[in-house]
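We begin with a single chain expressed as structure tokens, specifically the form predicted alone.
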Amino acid sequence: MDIICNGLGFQYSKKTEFAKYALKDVSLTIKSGEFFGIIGHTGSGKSTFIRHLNALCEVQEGSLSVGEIDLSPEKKKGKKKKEYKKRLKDLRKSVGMVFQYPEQQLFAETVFEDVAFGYKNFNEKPSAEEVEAAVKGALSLVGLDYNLVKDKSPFDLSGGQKRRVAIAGVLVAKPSILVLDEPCAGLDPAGKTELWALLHHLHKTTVETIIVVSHDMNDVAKHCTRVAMFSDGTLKRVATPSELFDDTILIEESGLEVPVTAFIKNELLKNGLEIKTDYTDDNFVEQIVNLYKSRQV
């Protein structure tokens, strides 16, 4: 499912004296199969943009389609309104959203009930056996032991486990697109490494497209195939991480920090030492080793 928006605009408190644009004339295509990153300073519009992807924010200006589902404003009027509402359910089944703080999504007394809710919401009158199989499958996908966690309160789990349960509660609906807002917020280094490994596993085996909002440029450089940079509600640039982080002036002007690898590369360049890198850790180390070897000759 491709995501295509043209001239997307959105105002909070529209038609009031407090009206303010959160998005202005955003045109962007995210192709099916991408591991896509979205970056920008606080208030840049990135969270408002992703909330459009499963209609948590309704389109006010411009157009937006997710696969065959057209979310443009004219589709919500007159005779088309009833059909549009029906299609919202298909959209929210296809686009799973995981918020920054999993506590915002966890609500039931047990892990089983929490994950089962998503399955029941998108399947009419499923049998108890079907629900149990779906919950088992979703928890297995995120690396949790069904028998160990099913009867626990989700609020008694560790931060990393809560995040996995929140993801399982979305995966149980079998979405094509998984959207995560700051998925590693609050996790320790080991937890972050494990979560990124999980997301890549899901991308290879279960979910066609993953979209990640992140403030950590090191993570973006390492994990994303393409990146969209937002600033003050506008789309500043869409590029691969290597193309984007070559433009350190743009990054810094947007109030962001470059990855550590880009910082070191720039410091080397100041001293007359130039390397070419895609800014991932492995490639960067390889280029540094090659530079060292070339200067030893």
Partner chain sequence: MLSDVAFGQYYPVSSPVHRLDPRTKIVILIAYIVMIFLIKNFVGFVLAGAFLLATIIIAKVPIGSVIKSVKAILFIIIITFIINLFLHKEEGAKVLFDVWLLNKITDKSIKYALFMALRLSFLVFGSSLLTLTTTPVSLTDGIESLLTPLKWIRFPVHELALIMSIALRFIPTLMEETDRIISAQKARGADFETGNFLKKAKALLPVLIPLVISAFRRAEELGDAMDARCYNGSKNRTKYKKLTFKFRDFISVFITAAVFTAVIFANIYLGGIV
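Please read all numbers here as calculations on a predicted model, not as lab measurements. Positions refer to the first chain, counted from 1.
Although it is not shown, the form predicted together with the partner chain is what the next lines describe.
Exercise. Among 98-106, 131-139, 144-152, 203-211, mark the stretch whose residues have heavy atoms within 4.5 Å of the partner chain in the predicted complex.
Key: Going by heavy atoms within 4.5 Å, the stretch is 98-106.
What is the one choice in Ser72, Ser176, Asn121, Thr110 with a heavy atom within 4.5 Å of the partner chain in the predicted complex?
For this set of options, the contacting one is Asn121.
Quick one: does Ser63 come within 4.5 Å of the partner chain in the predicted complex, counting heavy atoms only? Flag for Ser63 set to no.
Query - Any non-hydrogen atom of Ala239 within 4.5 angstroms of the partner chain in the predicted complex - result: No - in the predicted complex, heavy atoms of Ala239 and the partner chain never come within 4.5 Å of each other.
ask   = Is Arg92 close enough to the partner chain in the predicted complex to count, meaning some heavy atom within 4.5 Å?
value = Arg92: contacts the partner chain in the predicted complex.
Could you confirm whether Arg51 comes within 4.5 Å of the partner chain in the predicted complex, counting heavy atoms only? Output for Arg51 is yes: heavy atoms within 4.5 Å of the partner chain.
Requested in this report: Just give me the residues of 128-149, first to last, that have a heavy atom within 4.5 Å of the partner chain in the predicted complex.
Outcome: Read in sequence order, no residue approaches the partner chain (within 4.5 Å, in the predicted complex).
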